[in-house]
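Same chain, two forms, each on its own as structure tokens: structure 1, then structure 2.
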Structure 1
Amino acid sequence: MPRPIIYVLLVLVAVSLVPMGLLYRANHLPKNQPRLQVVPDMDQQFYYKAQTENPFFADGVTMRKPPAGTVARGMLAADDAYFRGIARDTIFVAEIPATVTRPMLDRGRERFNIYCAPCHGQSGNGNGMVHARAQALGEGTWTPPTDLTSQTVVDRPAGHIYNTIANGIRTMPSYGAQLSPEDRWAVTAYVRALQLSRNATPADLPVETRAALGQ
């Protein structure tokens, strides 16, 4: 092949690389404008902002309400016994619908001391610091907290205590926003532990412990 033709071909090959070099440069150099995209796909698609008018819908509203009955993924909460403390209709479950473990009681004690103890006291008998302060002020508008170790509360089903935590009762506010269902049951379990500790009898102790006490 004649040498001039070879030179021409080399020049043509070099020139053909120029567009690719320009594309590479456009995609990798910092700039204030969007980079050149050969295949944009959906990277730079048009979209409506949330509160702007949208002619696509009959009402012209961009933000759409979810269909009735829509439930977020993982938030079905279909188990009434666990998520609402109800066995059927409005009857509370008698026992905690979960296995009570030591970590669960430890978690319940932690949450109890944060959210419940200020009024009910760490022992649960209603002598918390908020109650003591209210008594000292003597303004006559304070409702004393319930003694959680009283027989009245002991006789309540576990679902009743759970419901009280979730929705409040009388002047006590709801703690549903602060405590997840898991934490509500943990606090319920800890309240039961406080009740047992305050109302225990020697018959509740293991045989070997009773024998040691007898000595």
Structure 2
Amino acid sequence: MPRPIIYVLLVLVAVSLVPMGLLYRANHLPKNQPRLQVVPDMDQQFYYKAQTENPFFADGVTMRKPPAGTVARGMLAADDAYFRGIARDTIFVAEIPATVTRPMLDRGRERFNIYCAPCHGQSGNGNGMVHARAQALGEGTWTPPTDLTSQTVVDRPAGHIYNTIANGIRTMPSYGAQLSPEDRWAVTAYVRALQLSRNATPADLPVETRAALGQ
């Protein structure tokens, strides 16, 4: 075979390796780099999405808040007892202003375990994992979470517990953004259930259960 042809073939083979090399590199990009986008058409469209920046507004935020002092239709939240846990003036309602049902308690348990248990612990006695870690780290600024099954909290009116969830208390921040009024009452009901269970005596058990335990 004439030499020029051999050279041309060799060059062709060498050139054909270049895309393969690029592909290999794209396959082995550093993890923190965006992946290769082969056909990028319309993947990223020019509209503003939730939680993104927006140069149109002074605060640079795409998601807008309702104007101050406005209330969406049907969202007035006028009932002080239900939405603020207040009976009159600054007196908290003693009891939960809703019918406590089994589904409500189940919901309360689920929400309690998500939002409260990290600090207060699943049994409510203040031994959550975050508390354990803060202690292990020797955090001087950490305040131990309240034991929700203590007599102090048992004696508190339901509205007080609701208000604590909604607005926070001392070093505990507000969980109003995470828990709707309905959920706050469900958690309040579950806290009451925890208090009942943690402070129960054998005498509180049904007769059959007591018999099964040999009491």
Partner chain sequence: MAPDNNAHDQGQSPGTGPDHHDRFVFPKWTNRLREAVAVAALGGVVYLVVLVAGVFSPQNSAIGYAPEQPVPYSHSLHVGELGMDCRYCHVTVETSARANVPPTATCMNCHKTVRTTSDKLAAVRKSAETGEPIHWTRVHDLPDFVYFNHAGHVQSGVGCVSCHGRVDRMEVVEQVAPLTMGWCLECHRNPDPNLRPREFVTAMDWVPEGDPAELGARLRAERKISPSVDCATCHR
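One-based numbering along structure 1's sequence throughout. Model, not experiment: these values are computed from the prediction. Here, rigid core means the biggest group of C-alpha atoms that superpose within 1.5 Å across both forms.
- Of the two forms shown, structure 1 is the one predicted alone.
- After superposition on the rigid core, the Cα of residue 198 moves by less than 2 Å between structures 1 and 2.
- Relative to the superposed core, residue 114 shifts its CA atom by less than 2 Å between structures 1 and 2.
- When the rigid core is held fixed, the Cα atom of residue 71 travels 2 angstroms or more between structures 1 and 2.
- Relative to the superposed rigid core, residue 6 shifts its CA by 82.2 Å between structures 1 and 2.
- Here the two forms are laid over each other by their core, and the C-alpha of residue 207 is off by 4.7 Å between structures 1 and 2.
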